[in-house]
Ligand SMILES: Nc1ncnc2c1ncn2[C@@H]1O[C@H](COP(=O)(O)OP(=O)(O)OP(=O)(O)O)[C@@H](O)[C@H]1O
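This document opens with one chain alone, in structure tokens, the form predicted on its own.
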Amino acid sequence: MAFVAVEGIDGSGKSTVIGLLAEMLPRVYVTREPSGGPIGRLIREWALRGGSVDPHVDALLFAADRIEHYRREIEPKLRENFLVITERYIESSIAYQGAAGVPIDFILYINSLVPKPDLTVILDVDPQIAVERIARRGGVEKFEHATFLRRVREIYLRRAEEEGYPVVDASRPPDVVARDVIDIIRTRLGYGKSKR
């Protein structure tokens, strides 16, 4: 079917928007990174809580999780003819580990065993708005600070310009953002009509 990655800084509303996409589009399978597999659990329980001190280690862990995630979960669902939507994929590593100082060429190399999505959409929001959203939900992780998120956002926007990724203003209400993303999916991939 088709493989879509929804990207953006922490607090940009990815989870909420993807949940709405799953309600509005037919035959959608939703997944996320870090995955629910063993490497993904290690990342959530250790690396994101400050366990890793070298961003190269983070990049390698995310790449390992991504390979396992793609083979175990994404590829089989694509074969079953689902529209697979993942919250985060390769561009997250480029933006986050890139902002932490890891060379982008290195990140691209260690992620070269997984295919690019058919479509990558960037949800863009001002980092200050994002940090306020994060504070409301509680439990700040190591990447969720405005200064760092500004660097991450700059990389996302530069990559969007270089790669031709659509950028959606995610400061608006989630249902408005979701409808914009659906329009992009339909235009770029020719996929599905709304269930409503």
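When you see a residue number, it is the position in the sequence shown, counting from 1. Please read these numbers as outputs of a predicted model, since none were measured by experiment.
Omitted from view is the form predicted in complex with this ligand, to which the following refers.
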### Task
Could you tell me which of 66-74, 166-174, 23-31, 38-46 sits within 4.5 Å of this ligand in the predicted complex, going by non-hydrogen atoms?
166-174
### Message
How about Thr187 - does it come within 4.5 Å of this ligand in the predicted complex, if we only consider non-hydrogen atoms?
### Response
no
### Query
Given that the partner is absent here, does Asp10 sit within 4.5 Å of this ligand in the predicted complex, heavy atoms only?
yes
### Task
Give a yes/no on whether Glu87 approaches this ligand to within 4.5 Å in the predicted complex, heavy atoms considered.
yes
### Query
Heavy atoms within 4.5 Å of this ligand in the predicted complex: does Arg153 have any?
no
### Query
Who in 12-37 is close to this ligand in the predicted complex, meaning a heavy atom within 4.5 Å?
Ser12, Gly13, Lys14, Ser15, Thr16
